[in-house]
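Next up: a single chain in structure tokens, the form predicted alone.
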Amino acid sequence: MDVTTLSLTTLDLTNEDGLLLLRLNRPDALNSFTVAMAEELTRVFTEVNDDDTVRAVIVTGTGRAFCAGMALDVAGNVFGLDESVQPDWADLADLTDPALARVRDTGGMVTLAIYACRKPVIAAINGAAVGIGATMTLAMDARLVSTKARFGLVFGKLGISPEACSTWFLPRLVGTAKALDLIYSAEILDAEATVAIGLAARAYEPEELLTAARELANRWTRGRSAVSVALMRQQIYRNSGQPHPAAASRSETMAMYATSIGDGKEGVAAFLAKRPAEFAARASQMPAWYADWIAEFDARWGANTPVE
């Protein structure tokens, strides 16, 4: 699987030595978010799991914006929702139900795909990131910002509520009190304020942003086992919310066993021989128990997190 061969209209993909540079590519519209973009992002973050040439994903915007939020100049419901359906609470018990396609939060589809991704994901926020442009980055593993970046959770000003699973991710990143202030105030933060509140690791000059993102991605993934990285990413996100640490021990036991008889053997041998390891495992071929673990975990919520 070569994810860069996908036919896409709103995104541009380039594989640079194992780092997938994903550019939101609607520069004339400040990369504003559309239903088509949601579908394409969901597809990329799902199918990249089977592209073993990709070690990590870096997301940025083409032109001067990262993503200026939902495109509001389209006909009908600007969020792409079918107003004739009128779903009730029970209808959303299973988010994988195809009948919900036109009532699902499209941003949530994207962030659940990012959440389920087996590759580290880094946001390189080069300009305005507003609404879904901000919330989609909360599911990513790091946010680096340009000094020209702006970050805004502006839902209250539009009379709507947050989406893209942001009410799950945001408090985990900044704490409940700061999350509430960000949502209530709907203020647009500059780069310095975005770093200060804990939403970004650091601000960079525009010409340094992608270099910094690549350096971070390489630090996380170069010379690492792809399966080990995938397992670590998924366990941190899924186990940290469990009510008891014993739940983490179950998946950690399986992961430790699988890696100890897989790339772990090469890792130990390389360490003892004082040479670089040559790991062979592929994230497209996870241990047999992995799909059962993900399916059991997601069955509790009816989550749309494909593992194929």
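One rule holds for the numbers: they count along the sequence shown, beginning at 1. Here the structure is a predicted model, which means the values were calculated and not measured.
Form predicted in complex with another copy of the chain: not shown, discussed below.
- Stretch 262-270 is the answer when you ask which of 262-270, 59-67, 22-30, 40-48 has residues with heavy atoms within 4.5 Å of another copy of the chain in the predicted complex.
- Put simply, Ala36 is far from another copy of the chain in the predicted complex: not one heavy atom of it is within 4.5 Å.
- Under a 4.5 angstroms non-hydrogen atom cutoff, another copy of the chain in the predicted complex has Arg233 among its neighbouring residues.
- Contact annotation for Glu207: none of its heavy atoms lies within 4.5 Å of another copy of the chain in the predicted complex.
- Contact annotation: Glu192 falls outside 4.5 Å of another copy of the chain in the predicted complex, judged by heavy atom distances.
- In the predicted complex, Ser166, Thr167, Trp168, Phe169, Pro171, Arg172, Leu173, Gly175, Thr176, Ala177, Ala179, Leu180, Asp181, Ile183, Tyr184, Ser185, Ala186, Glu187 are the residues of 166-205 with at least one heavy atom within 4.5 Å of another copy of the chain, listed from first to last.
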